[in-house]
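Heads up, the chain below is alone and in the form predicted alone; it's given as structure tokens.
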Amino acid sequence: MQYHVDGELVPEDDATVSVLDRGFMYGDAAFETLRVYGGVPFEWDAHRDRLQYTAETLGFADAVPADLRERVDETLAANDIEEAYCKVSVSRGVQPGTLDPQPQVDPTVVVIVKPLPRGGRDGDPVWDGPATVQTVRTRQVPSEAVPADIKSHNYLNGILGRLELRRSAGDGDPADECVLRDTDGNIAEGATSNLFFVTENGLRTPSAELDLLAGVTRDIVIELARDEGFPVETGAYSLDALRNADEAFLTNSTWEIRPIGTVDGIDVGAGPMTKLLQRLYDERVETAHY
């Protein structure tokens, strides 16, 4: 594999960053994870805009290179990959080992890719089956402390949630995803996913006004549902609302739409709305990329 590091394609073994890079030292970096279908990044503008927003929030708005899309294309071509996971990262770069950011920024920019199955109507999901989901004690960090609507390298909150899953499983297999709640007890999101559930009144998902990252895939699913005339509500929901749902699923760029099989051991599963949204999502990918 070859990766793009600071404007150059380098072999995987040489794709390294300095130990003094602030992304490594403090998580002082922005990133985006996206899918590539048929050699073209899916929803590139939305991902690029969110990366820019994160960089602006962190105070290095000018660090995102204007030719970032070209770097992604070069990385895909160098590895002869058209169906891929792609991660782009921009850190504040190498600075003296103190917490205070320096005003001058020499950013570190990295693009990595790895192959995934084909998407669209004739594609295969990257997941093996419906997700097992489990509630954890780890709470979502309030946006008053760390903004939840940015995608930074600081993912300790999600990591702690996933570690809880591992510890609670003992010698068994851990759940596929955790449910993080905010400090008021409302369901927020998974460690790397957004949550949706279906009731007799329509589609429900936690509001972006809560402490969560409103994903690009989440936005597409809401748009698809509304285009079909389905009632869509965003709000603050209890854990019981998810456990008692008629259907539930997770979304992110890699999983796309993944049904939830169980929540804390309670059967939920897919249903007609989940399956229809999966089909509509596949059709959107197919039309745009194949």
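Position 1 is the first residue in the sequence shown; the rest follow in order. All values reported here derive from a predicted model rather than from experimental measurement.
Note that the form predicted in complex with another copy of the chain isn't included here; everything after this is about it.
Peer 1: I'd like to know whether residue 57 contacts another copy of the chain in the predicted complex, with contact meaning heavy atoms within 4.5 angstroms.
Peer 2: Yes - in the predicted complex, heavy atoms of residue 57 and another copy of the chain come within 4.5 Å of each other.
Peer 1: Just to confirm, residue 121 within 4.5 Å of another copy of the chain in the predicted complex by heavy atoms?
Peer 2: So residue 121 does not count as contacting another copy of the chain.
Peer 1: Does residue 278 reach another copy of the chain in the predicted complex if we count a contact as any heavy atom within 4.5 Å?
Peer 2: Residue 278: no contact with another copy of the chain in the predicted complex.
Peer 1: Contact with another copy of the chain in the predicted complex for residue 218, defined as at least one heavy atom pair within 4.5 Å: yes or no?
Peer 2: Output for residue 218 is no: heavy atoms all beyond 4.5 Å of another copy of the chain.
Peer 1: Name the single residue among 112, 84, 131, 212 that comes within 4.5 Å of another copy of the chain in the predicted complex, judging by heavy atoms.
Peer 2: After the contact test, the surviving option is 112.
Peer 1: Note which of 135, 152, 207, 199 lies within 4.5 Å of another copy of the chain in the predicted complex, where distance is taken over heavy atoms; exactly one does.
Peer 2: Only one option qualifies, and that one is 152.
Peer 1: Select, from the options 154 to 162, 122 to 130, 75 to 83, 199 to 207, the stretch whose residues sit within 4.5 angstroms of another copy of the chain in the predicted complex by heavy atom distance.
Peer 2: The contacting stretch is 154 to 162.
Peer 1: Tell me whether 27, 98 and 183, taken together, all sit within 4.5 Å of another copy of the chain in the predicted complex, counting heavy atoms only.
Peer 2: Yes, all three are in contact.
Peer 1: Which residues, if any, of 1 to 36 lie within 4.5 Å of another copy of the chain in the predicted complex when only heavy atoms count?
Peer 2: 3, 5, 12, 15, 16, 17, 18, 19, 20, 21, 22, 23, 24, 25, 26, 27, 28 sit within 4.5 Å of the partner.
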